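One chain comes next, on its own, written as structure tokens: the form predicted alone.
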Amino acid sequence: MGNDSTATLLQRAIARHMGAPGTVYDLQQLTGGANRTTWSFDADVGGSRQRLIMQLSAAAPEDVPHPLAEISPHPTAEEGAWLMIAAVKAGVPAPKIRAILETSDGLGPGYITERVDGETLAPKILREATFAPARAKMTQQAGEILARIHSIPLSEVPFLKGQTAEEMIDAQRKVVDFYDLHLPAIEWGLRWAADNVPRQARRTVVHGDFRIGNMIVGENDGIRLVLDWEIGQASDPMQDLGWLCVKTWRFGGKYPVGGFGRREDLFAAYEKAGGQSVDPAHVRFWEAFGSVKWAAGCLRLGMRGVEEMGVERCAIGRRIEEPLWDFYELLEGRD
């Protein structure tokens, strides 16, 4: 499907779902990969020019599913759209869905959202002086947003699959076993995780990848939009707080919360916004296990091949030792 055919099909889909004429301008593919593609464009709808984003999932499953394809929950494109609709209803700055694509649209599974300006590159957000006002707000905003995400009634998103901490650890074990790379460091990390699973976990809607890089940030107003809902699930809400603190996602920033804030400020903002009482040891489990999980993620990306995943993602595979080092540093009280 080339750009021309995409534009033609997209115009028809916009006219059908949002309003005529649906004329498309400046269609640009922003990202592309094995799982989904993202397109930016403007369109005429009902006499106004609208700024939009289209995200498309892989059009069809692989003939022979990858053996690790189902180890983690993944909503379908339509389910992901309904999750974002529920998030917006709960007051979360999630993308506003304008249309959910149907088979008859000919574009594959996907949806159209409003387009929001801002920055997603972590080094710019964390280091440039123009983003200092944003950094001063982002910890409180992150706590408030996570409290709202975790307040979404599971009855509104019954399609979300659950995964306990034990099941997540087992999933990373399957990755290591499948690629038969039994590094002592990752083996001990998986054993530590299994021995330290929190026993008092609740079950709520969880974003699953809430971190800098998956946020659109404005220089003065901070977090404008939370992106990438494609691994949303029903799990332990403390997972989201821990994941935000994983050292990989600090991108060299000074502070433990995403490189921009302190843990105690995040926990206080979360509780004040209606989130459950935070046990720092509970979050610490998810932060530590998050590094082990990301090490397995590096292994998985690095082993799937240039042809399938691209050079950039394969290069991530060589970084497997970094999150493992972060894991041991955290256990020894150095972060």
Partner chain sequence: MPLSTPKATILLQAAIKYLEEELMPTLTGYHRFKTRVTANVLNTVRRELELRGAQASAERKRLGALLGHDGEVEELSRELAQKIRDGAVTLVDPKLRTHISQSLHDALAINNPKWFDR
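All values derive from a computational prediction rather than experimental measurement. Numbering follows the first chain given and starts at 1.
Below, we refer to the form predicted in complex with its partner chain, which is not included among the displayed structures.
Contact with its partner chain, judged by heavy atoms within 4.5 Å in the predicted complex, is confined among 134-142, 68-76, 212-220, 192-200 to 192-200. Proximity of R148 to its partner chain in the predicted complex falls outside the 4.5 Å heavy atom cutoff. In the predicted complex, none of the heavy atoms of K124 sits within 4.5 Å of a heavy atom of its partner chain. Taking non-hydrogen atoms only, K89 never approaches its partner chain to within 4.5 angstroms in the predicted complex.
Although the partner is absent here, H17 is not a contact residue: none of its heavy atoms lies within 4.5 angstroms of its partner chain in the predicted complex. Site annotation in the predicted complex: the residue of V176, L227, M84, M168 reaching within 4.5 Å of its partner chain with a heavy atom is V176.
If you check its partner chain in the predicted complex, you find a heavy atom from every one of H182, E312 and E321 within 4.5 Å.
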